[in-house]
Every structure is written in C-alpha cells, then in structure tokens.
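The chain below stands alone and is given in structure tokens; this is the form predicted on its own.
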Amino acid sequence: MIGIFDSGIGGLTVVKAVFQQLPDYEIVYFGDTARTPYGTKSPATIIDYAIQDTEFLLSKGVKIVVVACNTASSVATEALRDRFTGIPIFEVVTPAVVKVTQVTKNYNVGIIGTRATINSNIYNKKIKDLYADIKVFSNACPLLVPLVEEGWLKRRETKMILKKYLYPLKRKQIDTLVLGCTHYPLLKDIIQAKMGKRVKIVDSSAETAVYIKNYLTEHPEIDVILKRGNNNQFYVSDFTPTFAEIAKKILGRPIHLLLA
C-alpha cells in the first residue's frame, strides 16, 4: 500500500492525482485534522508531527510514504529519511521544482505557501541548484489553509485575500507560479484568474503523482510489493464538519472516514 499524510484535507489532492496515475494501487491516507495547520508551527513541532504521522501509516502496513504536505516536506523530509531508513519517502517539493525548470520562459518564478514553507527557503534553494539563473519570488499565504479547511473555496472573502497575496508576485512579472501547498489546488481556478492566462500554474500534487509513477517504473522491486485493490483507507485525527463534504468534491465520490 501507498501511505499518504497531510496536515488536513489538502493531501487529498495528491490522493486524487495518484488515483489518476496509479489507479490499481491501494492507498492509506491520514489527515491530521486535529492539529492543522502545520504551517504556523515551529520546525521542531512539524518534525515531531511528521514522525508520528509516518509511524501511524507504517503501522497500517504501507510500503512507501508520501509527505503530501509542503510544510512537512520542506521542514521534516531529512529527519524522516534519517529515522525511517529502508522506506522510500517522497516529498512534494522536488517534483514541482523540476517542473518549474521545464516550463518557465522568462526565468521569473513565484512561490506561494505556508509561512513555514516560505521561511524554509526550500523552493529557492532547490530551484537555484537546478538552474541558477532563475529568479524566485515568494509570498507566504497563512490564511489560505484555514479557508480551504473551512470549505470557503468560492467565498468573496477568499477571493479578496488571494488578490492581496498574489499582487506582489504579479508585479514581479512572473510567468510561472508554484502552488507550494497541497491545499492550494482547490483554489487553482481562482488563482489562475487572478494571475492571468499567461502564467503557468505548477501543481505540486499532480507533479508528485507523476514522479511516484516514474519511480515505481524504475524500481520494480518496490512496485511488486505494493498491494493492489480497492481497499483504500482514509483516516483523520479529528472529525470536522467540512472534511467529508470537501473530500467528496476532490475525489468525485464519498469516502468512509476512520478516526485514527
């Protein structure tokens, strides 16, 4: 089984993308709804949460782990790989960074994410490692995750807040914008409208699913031990009123939620 965790509901955008790329594989998902958002927490706390999330997924028998949270990917990936040796651990930053270097034309790239992700400077570092000439402009958007978790996807207030967050990046004449949080694809249409058609939106969720598929093709010894079937499991650390409703919108079908 493929294990996927996030601070809340946003990681289901990764689940959806994995279903599209690897439809026959069983998934165990954990959304840490009791402690969301991660982006406002200290690095030490984020690492602690990520370790607990990974341990929970491993207890369910998963053979690979996907950190479907940009905040945890930015802060905790190294700690997870040091602690859980022998388990392939995927994060959502690297696949998006690779895509950025492929699609930007004017080498002006924007990143939006949680405060912890932006403060980690991980996107800037990884992009510069691959292509030093690219200019990276970042903006933290701390209000977006709570708005998504609340289900305020099309509210006027959300659109106003997005406009304020995106304006500094529009002024930089970027041609590529990375959605540096797996919650943000749920706002992709609004973000695209605010940025304009000429700006390419890079969705870290979609790119991660492609990355995992390619990895399994190149590592048949891992692929062969992954369970196939329809027994997908969706766990949360707390039942929230909007989770099931938004999950149905993301995945296109209702899911049965289990309390971890």
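Start at 1 with the first residue shown and count on from there. Everything numeric in this text was worked out from a predicted model, so none of it was measured.
The discussion below concerns the form predicted in complex with another copy of the chain, not included here.
Note on the partner interface in the model of the complex: the residue among K170, R83, R155, K125 having a heavy atom within 4.5 angstroms of another copy of the chain is R155.
The contact residue chosen from S42, T217, S59, N230 relative to another copy of the chain in the model of the complex is S42, the criterion being a non-hydrogen atom within 4.5 angstroms.
By the 4.5 Å heavy atom rule, the three marked residues R35, Y49 and L147 all count as contacting another copy of the chain in the model of the complex.
Residue heavy atoms within 4.5 Å of another copy of the chain in the model of the complex occur in exactly one stretch of 138 to 146, 182 to 190, 91 to 99, 72 to 80, and that stretch is 138 to 146. Although the partner is absent here, M160 lies within 4.5 Å of another copy of the chain in the model of the complex, judged by heavy atoms. When contacts are judged by a 4.5 Å heavy atom cut-off, Q21 does not count as touching another copy of the chain in the model of the complex. Although the partner is absent here, Y25 sits far enough away that none of its heavy atoms falls within 4.5 Å of another copy of the chain in the model of the complex. Contacts between 100 to 121 and another copy of the chain, taken as any heavy atom within 4.5 Å in the model of the complex, involve only R115.
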